[in-house]
Structure formats: C-alpha cells, structure tokens
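Take a look at this single chain, the form predicted on its own, given in structure tokens.
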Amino acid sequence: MIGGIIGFVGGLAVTLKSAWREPVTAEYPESEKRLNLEDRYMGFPALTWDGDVGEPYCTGCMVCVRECPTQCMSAEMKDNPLYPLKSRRRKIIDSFEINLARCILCGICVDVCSFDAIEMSHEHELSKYERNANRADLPSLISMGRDYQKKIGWNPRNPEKNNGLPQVEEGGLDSGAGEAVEVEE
C-alpha cells in the first residue's frame, strides 16, 4: 500500500512539473504557431530560374523524367529563341508537369540533374480535393522555384557550367583556329 502511494505521488510530481513547462509541439493550422522549416527540408520539386538570362535553368534533357522511380514527371523541350545572342542554352523547356500525388519526394530528380534546374522546395501544402487535381505545370513549378530561391538565397552548385550568359573567348581568338573572331554585342 505504501509503495502504491509513493508511486502515485511520484507520478503526480512529474505531471505537475510538466504542467508549467513551455509546450514543445506546434499547432499546425495556426500560422503564428508554426515552426520554421530548415533549409535542408525536402518538399515538392520545383524548377529554378536563371535571373541573369530570364529563363529557366531546365533544358528539357529528360534525365529526371527517365530516372524518376514513380514516373510522375513529363517534359518536352524546344529550341531556345534567345540562343546564341542572349543565352548559351540551345534547348529550353517547353512544358513540364509533375503529378504531385505520385511524387514520393525522394530527390532523385535533383541528384541526376546536371543543370541545377530542379530543387526540392519547401512547398508541402498542395493538397486538393479531386484525385487527379494535384498536378503542377511549368508556370507553377517555376513560381515555386523562384519563391524557394528567394527564401534561402539559392545559387547554382556549378555556376561556371550552368550560367546561361553567352561566353566570349578572351583576346577574340577562337580556341582552335587561331583566327580573330568577331563578337556581336
């Protein structure tokens, strides 16, 4: 009987101590009580934007589409109208769609992309009431990507390789012929 009372008093002491402690959980729907997301958080995929040229980094090479384990992506490319004067990308994305209901947020698309064109954004609140309504098209993917880039101050991992600005050879010489090359400005 004494052991039961001691156990009861001990349990009551733990309960009373935790009653005055600050809560460690956040109530989700209330925006002022939400926790901040870390930069490493992986939400849904988004397409990044090259602000120097004014076009997406994506060239439509389809590597991410081929490597996706759930085949939730589709893409088409087109000739870049800004090439070669304003951009060094020959091809550019024409259409891109991700079925977010099928996406498993694995990040393989980000790992295989050679152009820094796709990143896992912080977006996670994209639920819909219809079964097939949770699809993200090119404008919405670019919008998510631009928001993500602005929020975390994103820069490409390989800026010298993936910069879309045309490169001018130094000294006006072509790399192989040894002749002067005219550069239009």
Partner chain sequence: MDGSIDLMINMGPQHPSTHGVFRLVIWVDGERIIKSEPHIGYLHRGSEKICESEHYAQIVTLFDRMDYVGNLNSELAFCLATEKIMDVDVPERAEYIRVILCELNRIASHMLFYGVYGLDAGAMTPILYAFREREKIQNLFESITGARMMHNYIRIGGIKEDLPGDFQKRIVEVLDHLKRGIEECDALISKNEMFLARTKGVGSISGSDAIDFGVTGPALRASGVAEDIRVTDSYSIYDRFDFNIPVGTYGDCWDRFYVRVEEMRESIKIIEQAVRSLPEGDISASVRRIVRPPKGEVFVRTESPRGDLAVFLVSDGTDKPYRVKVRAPSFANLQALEQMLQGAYLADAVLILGSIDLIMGEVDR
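Residue numbers count along the first chain shown, from 1. Everything numeric in this text was worked out from a predicted model, so none of it was measured.
Another form exists, predicted together with the partner chain; not displayed. Remarks below refer to it.
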As a check of understanding, the residue in C106, M77, L82, C72 with any heavy atom within 4.5 Å of the partner chain in the model of the complex should be identified as C106
Residue within 4.5 Å of the partner chain in the model of the complex by heavy atom, from D137, E38, D52, E125, is E38
TL;DR on 126 to 134, 139 to 147, 44 to 52, 63 to 71: the one with heavy atoms within 4.5 Å of the partner chain in the model of the complex is 63 to 71
Quick one: does V112 come within 4.5 Å of the partner chain in the model of the complex, counting heavy atoms only? yes
Next on the checklist: Quick check on V14: any heavy atom within 4.5 Å of the partner chain in the model of the complex?
Outcome noted: yes
